[in-house]
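In the block that follows, a single chain appears as structure tokens, in the form predicted alone.
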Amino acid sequence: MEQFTPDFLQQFRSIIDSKDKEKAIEMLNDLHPADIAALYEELDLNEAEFVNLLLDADKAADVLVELDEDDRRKMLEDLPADVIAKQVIDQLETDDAVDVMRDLDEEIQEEVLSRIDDMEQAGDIVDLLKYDEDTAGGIMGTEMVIVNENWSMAECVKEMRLQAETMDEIYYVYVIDDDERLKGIFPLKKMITNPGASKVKYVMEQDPVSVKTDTPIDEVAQTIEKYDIVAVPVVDSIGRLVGRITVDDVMDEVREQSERGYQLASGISQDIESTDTVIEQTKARLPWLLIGIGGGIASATILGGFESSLATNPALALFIPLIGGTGGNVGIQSSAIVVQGLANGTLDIKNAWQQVLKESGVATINATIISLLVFLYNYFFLDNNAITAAVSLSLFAVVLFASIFGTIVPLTLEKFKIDPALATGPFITITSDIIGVLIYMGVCEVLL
């Protein structure tokens, strides 16, 4: 992607200020739609709208698709329904058109759909909007080259040429039967090497890899990665071919999900960007900070219940940060491994107990080593055998608990269809801290 220098931006802004359309168009012609979208982020809304008017309809639509969702919504707000239909939706493939439509209010969606000239395209968009946007059906496109398994090679080539005229890119040619069920993929090489074959079904590659309309996006990405394909066909519940998903569509969605997961793990409750306003960022970040304060108050309340023990043995307070910090770190490590396994498909929720048992073994080894090291340190530098034993036993118990807890929580969230990335952030840290303090003070109370 183009990296714009300060000199370039200053020159471009001066061209906009002077309303020099010809010079602006000349500079824009050398840029890819994705680069123009990146340029928009450096401009204010009025400047971006001026630039948008200089682009032809096809390129302006491509730029709109490349924009961040918030920036795209701002651009769409100022466009009438007729312009959106004729100059945006008509220029896009169905999957990109659906992305744009999802940014509109329902009332505007209906008005835009009513103004689309191509009724087949409008119908496809309506059908795609019904799917969950986090599934294969929600991101698939309907533009495909499709041939029937019973066609002759001559019929096949003729039909392929007709269908290809309306498409920007052709990845695969899909073969269906008379009931529109996916039967195979027609290899273009066969068209050259076996031009005399009687029917398509004799040269097609049978049983192609496919996904269903309700397949989650992460599973679609795993399928494309596993089989090294650039596009995957989408079928309905009875095997009928309804669309296709290309690798660029998946990458966009995976990137967005990754960003959402990272923010969730960092204690940010909403999808925000660095360009969002102070109020928007505050609203997204404040909830978990307040929950963190609640966790701190809970820990302080627990410690208050052991005030007499702390007064009698002040040295106990020295190890509270060690207990809480270690528990939080161990919990995050365990949950991160589970979340990663769930994300890349190496961990199946059906085998959850195997992961718990494995994590228990790892936790036991880690807990033994950590508690032993702390025991040796306290034995030589702390003149109190009771506290030495209490700290080591507590640390062993906390590491074991945090590790198992950090494993079980994301598995449970996944089972209930909640983003398991939630378990890699403040939730684990706060809980481990509270339980860690409770375990520590309870052990100390018994031993001292």
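So that there is no doubt, residue numbering starts at 1 and follows the sequence shown. Predicted, not measured: the structure shown is a model, and the values here were computed from it. By rigid core we mean the largest C-alpha set that fits within 1.5 Å across both forms.
One more form of this protein, predicted together with another copy of the chain, exists but is not displayed; see below.
Asks: Let me know the one among A352, L104, V126, M191 whose heavy atoms come within 4.5 Å of another copy of the chain in the predicted complex, would you?
Replies: Exactly one listed residue reaches within 4.5 Å, namely M191.
Asks: Please identify the residue among L286, I238, M119, L372 with any heavy atom within 4.5 Å of another copy of the chain in the predicted complex.
Replies: Only one option qualifies, and that one is L286.
Asks: Looking at 135-143, 332-340, 108-116, 72-80, which lies within 4.5 angstroms of another copy of the chain in the predicted complex, counting heavy atoms?
Replies: It is 332-340 that comes within 4.5 Å of the partner.
Asks: Would you classify W151 as touching another copy of the chain in the predicted complex, given a 4.5 Å non-hydrogen atom cut-off?
Replies: Output for W151 is no: heavy atoms all beyond 4.5 Å of another copy of the chain.
Asks: Do I268 and another copy of the chain come within 4.5 Å of each other in the predicted complex, heavy atoms counted?
Replies: Because a heavy atom of I268 falls inside 4.5 Å of another copy of the chain in the predicted complex, the answer is yes.
Asks: Any of the heavy atoms of D276 lying within 4.5 Å of another copy of the chain in the predicted complex?
Replies: Yes.
Asks: So in the predicted complex, is another copy of the chain close enough to E414 to count as touching (4.5 Å, heavy atoms)?
Replies: E414 lies outside the contact set for another copy of the chain.
Asks: In the predicted complex, do D95, L182 and A390 all put a heavy atom within 4.5 Å of another copy of the chain?
Replies: Looking in the predicted complex, the three residues D95, L182 and A390 all stay beyond 4.5 Å of another copy of the chain (heavy atoms).
Asks: Within 285-320, which residues have a heavy atom closer than or equal to 4.5 Å from another copy of the chain in the predicted complex?
Replies: Heavy-atom contacts to another copy of the chain in the predicted complex: R285, L286, W288, L289, L290, G292, I293, G296, I297, S299, A300, T301, L303, G304, E307, L310, A311, P314, A315, A317, L318, F319, I320.
Asks: With both forms fit on the core, is the shift of the CA atom of E155 between this form and the one not shown 2 Å or larger?
Replies: Yes, E155 moves 2 Å or more.
Asks: Taking 2 Å as the cut-off, check whether the CA of S114 shifts that much or more between this form and the one not shown after a rigid core fit.
Replies: Stays below the 2 Å threshold, so no.
Asks: For I369, does the CA position differ by 2 Å or more between this form and the one not shown when the superposition is done on the rigid core?
Replies: Where the cores coincide, I369 shows only a C-alpha shift between this form and the one not shown that is less than 2 Å.
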